[in-house]
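Presented as structure tokens, the chain that follows is alone, the form predicted alone.
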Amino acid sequence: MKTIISALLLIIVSNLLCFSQNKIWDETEAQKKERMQWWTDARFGMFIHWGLYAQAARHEWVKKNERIPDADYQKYFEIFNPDLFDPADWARKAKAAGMKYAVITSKHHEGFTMFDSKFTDYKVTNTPYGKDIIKQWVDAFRAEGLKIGFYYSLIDWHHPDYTIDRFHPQSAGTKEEYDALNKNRDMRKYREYLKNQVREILTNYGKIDILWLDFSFPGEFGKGRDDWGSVELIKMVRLLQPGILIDDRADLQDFAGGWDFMTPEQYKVDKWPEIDGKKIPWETCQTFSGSWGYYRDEYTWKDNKQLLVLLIESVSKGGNLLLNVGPTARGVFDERADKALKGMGDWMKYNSRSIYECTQAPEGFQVPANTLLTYNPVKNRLYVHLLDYPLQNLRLPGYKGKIKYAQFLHDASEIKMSEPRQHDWGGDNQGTGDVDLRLPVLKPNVEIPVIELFLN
């Protein structure tokens, strides 16, 4: 008994100490690097936004955008039946596209759970479909060797105790209006609900690799860490799944262990993000078009080159790309998504070596015009991505003495190297540290050709 009491006291004291120092748990930098290594090596994952909003087919925020009351939104719940859902097909497509992990919405802002929860009736097993989608999805993606993650919305537009805020479909204008709307709502009850559901998804489906919580918006008529109970929530997550990776949206950026990676959304960073001068892990989440959920009439879809540049540029700045698919209400990827995935897969089949296990090029390697560089520190190879194909010659400024061999990555064909001839660089002392790569006149039949440089 004394041993148990002593252990409990130790845990309590440790938790108090962690809280006082803004610390969720203890972990060295080396331990964190090791825990995150698979994700850092993977570089490319699939995001999946799927829920009742797929039936409206006009944005995952349709309930908010059109201020739809619960009673009117209920029709989507009553007919939800994705009869063509084949998670094994999804997993094969993700793998063929070159993705190494996937994150699916277990619950989005609408409050509908895609898993069989004990704490709500507003769940997929109570729809005409009647089966636990998350369970099927987990089994299928694991079978293809993909790491798995769950997105869980901190926001909930359906729960009766979730207080109405500026992002809620019933949002108001003044404090008095909000007070009246929230008179019978209790965030304490919602916090417990939130915690119970997160415990479910981290307990009932085996090892979970990523938890994507979304999102905090402190300030007037907003919500932050205290509203979610973020400190206790993340402590529970770390206890249930010690190896899990957590995004940065629970409003715990100033807590050690409160998050693992930064998540710029629909945004290309200018450089590798830093905090206090230290580079941090990051992942940009991006869509094929302007919506996360299935949007039938949305046509601003990125082309193949734009998507590839998103991926390459993210890696060139030390980051990951989480690229989203919004399945239809029948449970399939629409033809535009299939086309986009196939285009990326065709390129990755031959050029993934410039993505996996790669990162930003070391200092001292200047980026040639119209290119992006990635670097594999283990193999000591530099990858030059030709965004605009040059006319026969590619000048590598200051690369003299740094390269022992050059080849195209897609077919491993040698590329001849030489020092610039005097009339090429036009000056007695200019260009003497440069290297020229002699390229074929015709661009290879690759969307973005990649040159692999074996470094000295």
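Since the model is a prediction, treat every value here as computed from it, not as a measurement. Residues carry their position along the shown sequence, with the first being 1.
Below, we refer to the form predicted together with a small molecule, which is not included among the displayed structures.
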- Message: in the predicted complex, does residue 254 come within 4.5 Å of the small molecule, counting heavy atoms only?
- Response: no
- Might residue 249 be said to contact the small molecule in the predicted complex, defining contact as any heavy atom within 4.5 Å? yes
- With the partner left out of view, is residue 108 within 4.5 angstroms of the small molecule in the predicted complex by any non-hydrogen atom? yes
- Item | the small molecule contact at residue 214 in the predicted complex, heavy atom, 4.5 Å | yes
- Stretch in contact in the predicted complex with the small molecule, which is absent here, among 34-42, 56-64, 392-400, 407-415 (heavy atoms within 4.5 Å): 56-64
- Message: Using a 4.5 Å heavy atom cut-off, which residue among 101, 383, 162, 151 comes into contact with the small molecule in the predicted complex?
- Response: 151
- the small molecule: the contacting residue among 312, 285, 340, 329 in the predicted complex [heavy atom, 4.5 Å]: 285
